[in-house]
Ligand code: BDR
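Just one chain follows, in the form predicted alone, and it is written as structure tokens.
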Amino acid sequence: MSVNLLIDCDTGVDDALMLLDLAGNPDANIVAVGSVHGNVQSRRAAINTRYVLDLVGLEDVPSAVGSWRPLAQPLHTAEYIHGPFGLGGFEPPEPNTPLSEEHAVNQMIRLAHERPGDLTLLATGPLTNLGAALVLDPELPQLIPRVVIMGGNIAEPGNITPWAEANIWHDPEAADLVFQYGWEVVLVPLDVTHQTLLTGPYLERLQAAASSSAVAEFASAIVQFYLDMYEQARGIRAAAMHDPLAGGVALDPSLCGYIEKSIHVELRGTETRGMTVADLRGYRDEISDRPRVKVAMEVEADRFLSAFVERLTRG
């Protein structure tokens, strides 16, 4: 049975790879995509999304522009990681298919009411749109039963500060709001995405298919800048498939092993702002009264990566 996905993302390299993967997966039905600031500015993210959707023949799936800045801090973007336009060295043209005239937050609320209980919300950028939607419509958690979030770090170091993961750090207030509500939240943090490295034979398969597959050609082209930055930061020619793994988990939760913890986001720490905080003590009950979140901590990396590359390299 296919999963109906409402996607909220800041389309840079790994978001684009996720969209390509989902488009090639018969278990995924992409209903709509909204953009948010993060890897790039929100309109650029929507243009990148539109380009990818058109590339894979999903012209009927709307790409809506969302929140241009966080709720309570200045805007920061990450072109230094994802390239000047968010897709490595590739500059997508203005899309032939127009962007949606509806704001991504309004799109999220409307679709939730039109399709109650039918949508899985997949969020792979900062959570500003989700936070704003909750402020506008507190019924949202009853309408969207499941939310899969790429973000956070539990025992792993952060990737934008020593303590904070980028998606959460880009809007800590919105993220903390999302974790307070009683919907089913599945968190896919750095602890598990750093186990899914696109490297070695996986890269070779992707590059070998570039001459015969438009999707593989595009994926191989945009990932090069990402690989360069990852090699500079971590010393290996590889890249963690952060957002593609979250997309995989949205369709197949059995890919991962989980712990269940309440999650708080540090909002006031001078050095630790944006840190996702979970009580990892095993000798006593949690003291938080927040709902528990399913946190992915282990992954069948080879199973995920093999299927991911196979879908991107089909003719």
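As the structure is a computational prediction, the values presented were derived from the model and not from experiment. Heads up: residue numbers just count along the shown sequence, starting at 1.
The same protein has a further form, the form predicted together with this ligand, not shown here; the description that follows concerns it.
Contact annotation: of the candidates T120, Q195, T77, N159, the single residue with a non-hydrogen atom within 4.5 angstroms of this ligand in the model of the complex is N159. For the residues V223, A166, V178, I144, the 4.5 Å heavy atom test against this ligand in the model of the complex is passed only by A166.
For the chain shown alone, T124 is a contact residue for this ligand in the model of the complex, at least one non-hydrogen atom being within 4.5 angstroms. This ligand in the model of the complex is not approached by N48, whose heavy atoms all lie more than 4.5 angstroms from it. In the model of the complex, at least one heavy atom of D14 sits within 4.5 Å of a heavy atom of this ligand. In the model of the complex, at least one heavy atom of D243 sits within 4.5 Å of this ligand. Segments offered: 301-309, 287-295, 6-14, 20-28. Contacting this ligand in the model of the complex at heavy atom distances within 4.5 Å is 6-14.
The three marked residues, N39, M150 and L190, each reach this ligand in the model of the complex, with a heavy atom inside 4.5 Å.
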